[in-house]
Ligand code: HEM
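What follows is a single chain, given as structure tokens, in the form predicted on its own.
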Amino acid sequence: MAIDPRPLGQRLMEDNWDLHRQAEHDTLPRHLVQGTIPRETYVELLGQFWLVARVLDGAIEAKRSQVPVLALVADEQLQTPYLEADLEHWGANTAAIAPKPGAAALIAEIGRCEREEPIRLFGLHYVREGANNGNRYVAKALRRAWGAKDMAGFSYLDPYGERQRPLWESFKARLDEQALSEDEKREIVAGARSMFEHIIAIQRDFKLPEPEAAGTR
């Protein structure tokens, strides 16, 4: 097997760039960035991510002692508490939240990975953790659009505040220091690619009109 000399963080970025761009430029994320997503749709989206986060966080916690790279996932990175706080702020009834097809498929994939390929859980997590870099800008756009005075209701999008960039750089550096085999690196990259595909599917479960071009409203 040929050895890829690139650091794993570089591979995760470069080998998933096509899906990364697709996930960023679909209809729903463009509404998020422009602050034009209906509030009820945003809360419904949080509910889908909450269903996913509960399963992924639980799988990571269950496999940390068996898969060393999962020890890099700090408790602070687990997303369930942020989503629950935001859903409570927006008055959502979590007991009534049911998975749409995209979330259901991702939940099934997480379960499969936990049983059969637990190292892929890190790739799934890496994508959602990296998304925090752009999500900070989404939080600012929504706060501005909705006249929010503080971060209540937006902790999922901006969990770390001004610590975001240094925490992300430290996370990537520690990942690149891990003694991983080529097979393990390939599985992590594959897990990340799967996460992007499932996130795109979750976004497309929400049928929104194309947003107006920025600057035309």
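What you see is a predicted model, and the numbers here were worked out from it, not measured in a lab. Note that residue numbering follows the sequence shown and begins at 1.
This protein has a second form, the form predicted in complex with the ligand, left out of what is shown; the following refers to that one.
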Give me the residue from Leu87, Ile107, Ala141, Val127 that has a heavy atom within 4.5 Å of the ligand in the predicted complex. Val127
Listed residue (Leu83, Ala131, Val73, Ala103) with a non-hydrogen atom within 4.5 angstroms of the ligand in the predicted complex: Ala131
Among the candidate stretches 180-188, 59-67, 145-153, 29-37, which one is within 4.5 Å of the ligand in the predicted complex when only heavy atoms are counted? 29-37
Do Tyr160 and the ligand come within 4.5 Å of each other in the predicted complex, heavy atoms counted? no
Ser194 versus the ligand, in the predicted complex: is there a non-hydrogen atom within 4.5 Å? no
Within a 4.5 Å heavy atom cut-off, is Lys172 in contact with the ligand in the predicted complex? yes
Examine Glu24 and determine whether its closest non-hydrogen atom to the ligand in the predicted complex is within 4.5 angstroms. yes
Could you run down 148-179 and flag each residue that has a heavy atom within 4.5 Å of the ligand in the predicted complex? Arg165, Trp168, Lys172
